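One chain follows as structure tokens, the form predicted alone.
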Amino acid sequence: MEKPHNNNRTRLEEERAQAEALFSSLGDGAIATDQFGKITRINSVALELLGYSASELIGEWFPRRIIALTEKGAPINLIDRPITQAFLTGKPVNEKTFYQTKDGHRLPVSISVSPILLANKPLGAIEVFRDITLEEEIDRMKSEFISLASHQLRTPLSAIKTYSHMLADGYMGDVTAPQKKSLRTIISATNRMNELISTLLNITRIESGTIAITPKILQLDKAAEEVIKDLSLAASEKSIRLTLKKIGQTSTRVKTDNLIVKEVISNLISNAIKYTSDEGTVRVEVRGRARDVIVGVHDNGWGIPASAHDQVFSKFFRATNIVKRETTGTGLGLYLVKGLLDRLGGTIWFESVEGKGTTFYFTLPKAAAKVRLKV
């Protein structure tokens, strides 16, 4: 009769063989490390992508042998590496970066790192990565097309808007009331188109990493006050009460880009006005803290369904309850806002209950943030 421990050993060996076969058969590059970050296993796809042999990597310290680079070719700090973050947080980390191959080539990759935990202690990590060269090239071509098309659209739109204003204001003869109403509709449509073009251009700059950041000292409550003045007419047209309040005595001075911050605030307030019923309220609050300033834009509008909360900052997303009421949106505003805040080193989040309203919060550091490069 076969002994039980022999059965257990055979079963364990079979499980290890299955795990090894699964690891080796992955279609993406895969690297496993121990708790000290030493490479214990690497599949053939990873070896082919990086240009190494297994003997050159097995047993080596992962961050030393697998070099991660920024878009400009500078080595990424150890603390900022996805594998380090996975060890520190105990959670999976997903990121895009560049790996340096054995021959010195920079390879754009999409990475997913998962820590291996036992009783909440890391025993190692598994990283899966894939070559995204083609995706990056498609994104670049798409961005170039959007940028070119947007610039070309602005010239005819400018002419349409200028001559529509001249006609409406009587510079080319008297117009009837119905004609003036039609001209105002044309002007409003060109304004919306110009806003869309500006949004598309900003998104293109963010995604290509070319948006210019010019840090200057400004008071965030004063910046919000200026934006509110610009949007007061839009609020009054819907009889919406638009207010600003500075909370506490702590300074709201930050070193950041004035124009980009105003773009962020304007988008959030405009959304609040747009998605709030007539005679509603929109309240902006600014609070200075020790290291940052937090801004809240509160409304008692239509709110966001709970099922849509995880998609709010996605490109082109619009919640179903909004689409039914408002058909003119593009679903790009909040995607743009998040992208801009990421570039400024800020954060954004929200609280919302459908039918009761929404509050968007964002923070900006008081010190100028290091510009985050697209990778």
Ligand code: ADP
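Quick caveat: nothing in here was measured; it's all calculated off a predicted structure. Position 1 is the first residue in the sequence shown; the rest follow in order.
Only in words, not in the display: the form predicted together with the ligand, which the text now covers.
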Open item on the list: For the ligand, considered in the model of the complex: do all three of 67, 99 and 109 come within 4.5 Å of it, counting heavy atoms only?
Closed with: no
Open item on the list: Can you tell me whether residue 333 touches the ligand? I mean in the model of the complex, with a 4.5 angstroms heavy atom cut-off.
Closed with: yes
Open item on the list: Taking the ligand as it sits in the model of the complex, is residue 303 in contact with it (heavy atom to heavy atom, 4.5 Å or less)?
Closed with: yes
Task: Interface membership of residue 52, the ligand in the model of the complex, 4.5 Å heavy atom rule - done: no
Task: Contact of residue 252 with the ligand in the model of the complex (heavy atom, 4.5 Å) - done: no
Open item on the list: Within 4.5 Å, heavy atoms only, one stretch in 175 to 183, 295 to 303, 233 to 241, 122 to 130 touches the ligand in the model of the complex. Which?
Closed with: 295 to 303
- [ ] Could you work out which of 340, 46, 319, 39 is the residue within 4.5 angstroms of the ligand in the model of the complex, going by heavy atoms?
- [x] 319
Task: in the model of the complex, residues of 80 to 100 near the ligand [heavy atom within 4.5 Å] - done: none
